[in-house]
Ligand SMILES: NC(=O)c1ccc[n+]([C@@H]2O[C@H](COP(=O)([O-])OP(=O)(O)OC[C@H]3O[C@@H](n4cnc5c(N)ncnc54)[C@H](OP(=O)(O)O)[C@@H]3O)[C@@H](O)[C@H]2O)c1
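Before any questions on how it binds or moves, here is one chain, the form predicted on its own, in structure tokens.
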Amino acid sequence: MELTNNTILITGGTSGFGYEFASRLIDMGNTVIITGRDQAKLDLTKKKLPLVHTFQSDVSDPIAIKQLYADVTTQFPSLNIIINNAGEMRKINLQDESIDLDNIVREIGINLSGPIRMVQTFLPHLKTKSSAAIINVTSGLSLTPFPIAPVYGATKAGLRSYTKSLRVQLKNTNVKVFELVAPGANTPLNDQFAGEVDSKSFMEPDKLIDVAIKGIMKDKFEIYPGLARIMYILSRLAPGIIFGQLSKITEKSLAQTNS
């Protein structure tokens, strides 16, 4: 996949992987559009990356996605790549009766329904392009559950499954489907686990995106940077090892919360 002279839309582009993708892809000669829910963060990103184009939008809102489609395809008809990056990860105690049901399922709307709606909305447009791509950002936790973040893991496993099916269904089109299986990284998403998970093993976002871009350019449809590759191998050969370690972290965290 050529990564120059494209028009690329990145959801959740104000921090973490989305910001690094935007910065790198602009430097490579692409037109880059980012979305985010917080206008102030979008404005700050615009100051840091003057060439980026910003749209305030919420991937969990179907109406907002329809409006985003209308605005982006009108202003940027050459759009040919979508990176579904926006996501939320939360520690949730499933025995906490104070958490209402809408709160429990919030991540599903952002992490799973959001990317699916984005794809289904933009797919007819992408299919008109001679070269197009969809890049879905999943997680090493799509390979094995992290019980302290039960809904997050479920959404990423679901997105991984959907991405595989999407790739098969689009095989005879010009739309390539990539999955970036991200390991733990030093992004705001993981700040809540400080002191519980060894951050020394976390990957720096710029290095992770460097691996991702090289993989996309080589048409590697499943990309496993850093520890994600090890997680993938262990999930097939000895899945209980990783799950056991993540379960211990969960048990310790819940014990501290309940004490």
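All of these numbers come straight from a predicted model, not from anything done at the bench. Residue numbers run from 1 along the displayed sequence.
Form predicted together with the ligand: not shown, discussed below.
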- Examine residue 118 and determine whether its closest non-hydrogen atom to the ligand in the predicted complex is within 4.5 angstroms. no
- Distance check, residue 87 to the ligand in the predicted complex, heavy atom within 4.5 Å: yes
- Task: Look up in the predicted complex whether residue 147 has a non-hydrogen atom within 4.5 angstroms of the ligand, and give yes or no.
- Result: no
- Message: Taking the ligand as it sits in the predicted complex, is residue 38 near enough to touch it, meaning that at least one heavy atom pair lies within 4.5 angstroms?
- Response: yes
- Message: Given a 4.5 Å cut-off on heavy atoms, tell me which of 74-82, 169-177, 93-101, 132-140 is the interface stretch with the ligand in the predicted complex.
- Response: 132-140
- Query: Quick one: of 59, 52, 212, 231, which gets a non-hydrogen atom within 4.5 angstroms of the ligand in the predicted complex?
  - Reply: 59
- Does anything in 166-187 come within 4.5 Å of the ligand in the predicted complex by heavy atoms, and if so which residues, in order? 182, 183, 184, 185, 187
